[in-house]
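Before any questions on how it binds or moves, here is one chain, the form predicted on its own, in structure tokens.
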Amino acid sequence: MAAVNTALVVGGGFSGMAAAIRMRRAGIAVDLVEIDSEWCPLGAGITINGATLRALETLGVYERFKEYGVTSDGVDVYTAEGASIGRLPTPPVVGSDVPGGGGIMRPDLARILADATRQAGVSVRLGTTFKEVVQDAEGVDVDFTDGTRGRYDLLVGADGVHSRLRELFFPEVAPPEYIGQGVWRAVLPRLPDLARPRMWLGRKVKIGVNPVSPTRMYMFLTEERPVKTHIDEATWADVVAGLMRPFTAPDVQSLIQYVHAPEAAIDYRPLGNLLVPLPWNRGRVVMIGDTVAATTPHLASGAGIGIESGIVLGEELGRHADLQAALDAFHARRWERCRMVIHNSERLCRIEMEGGDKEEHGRILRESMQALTASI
């Protein structure tokens, strides 16, 4: 007898969709509720590493990813003046022939996974979330905001970094704190010779570009901001252009003209991270993704570790007749990998903010990327 026959996923982001797809593959009847009636993620582009491409392959959506996104190997690194520092290798991942990385527009990836979620047989309800959750030894009763009720063997909380479920079931966990760095993102015309991601390293500012289609790329720019303050959206393009101007690299200079265009769709996010101590479950309620393991973007792994966690949870639920045994196995497979990504991403962040040792920065990048190639 399976440990779980019915499950509810709260949150239709990347980790929630991955869990739903993989649990359906294990024969579990899955409901997914998403509060956004449009199921439309915000954001520009997203950088995907080889480990995440492998996870998408596991979910059966890698070929569709290639239709909409771009894959590549390696990252070219330059000084702010445009001198080549070298090519950071993206080593092959274990158990797959996928390339070392790629890029795609975030809404495109969300749509690919949403289609796969429905095709897997998940019952999706949009514009709805939980109102009240009460569990006992045998199941979880949920009252929904649309007035309906349901009972499930397991509730999977995937409602993001500002999770209401985490507030309910992990009240001792403080919300993520601002780390002192922000990231700007924009969608720009693709540089003619851009075959793979490219980064320019300033003292406290880093600029990168990644192709996301034959004609477009997305730019990411990290900067130190010691205090989390409101930045008037009307000034965003001017702020980004001002941060780019000290970079005398010709490619960077050539891009400044595009940041004021509406198509740039500039987005700003203050950065923070979160790692909730194990266990990530309270009885029959388990948390995955940014809900318990949110990282800064320095290893291009935030979405990736959430998708992996959804896959691993579904796999272990399919392998074990006892729920706690399945959750214990899930925790054992996910803790160190998530901890490594969050810890190393924070260290990279602090080196960038402090204008620190670029040799250490490069070493942490290389060691982390190698570690991510391991099986999940």
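Keep in mind that this is a model prediction, so the values were computed, not measured. Throughout, we count residues from 1 along the sequence that is shown.
Unshown form predicted in complex with a small molecule; subsequent notes refer to it.
The small molecule in the predicted bound form comes within 4.5 Å of no heavy atom belonging to residue 266. At a distance threshold of 4.5 angstroms between non-hydrogen atoms, residue 185 is in contact with the small molecule in the predicted bound form.
Mapping the unseen interface onto this chain, residue 10 counts among the residues with a heavy atom inside 4.5 Å of the small molecule in the predicted bound form. Though the partner is left out of this view, residue 63 does not reach within 4.5 Å of the small molecule in the predicted bound form, counting heavy atoms only. Listed stretches are 234 to 242, 114 to 122, 170 to 178, 128 to 136; the contact stretch with the small molecule in the predicted bound form is 128 to 136, by a heavy atom cutoff of 4.5 Å. For the candidate set 207, 285, 271, 255, a heavy atom within 4.5 Å of the small molecule in the predicted bound form is found for exactly one residue, namely 271.
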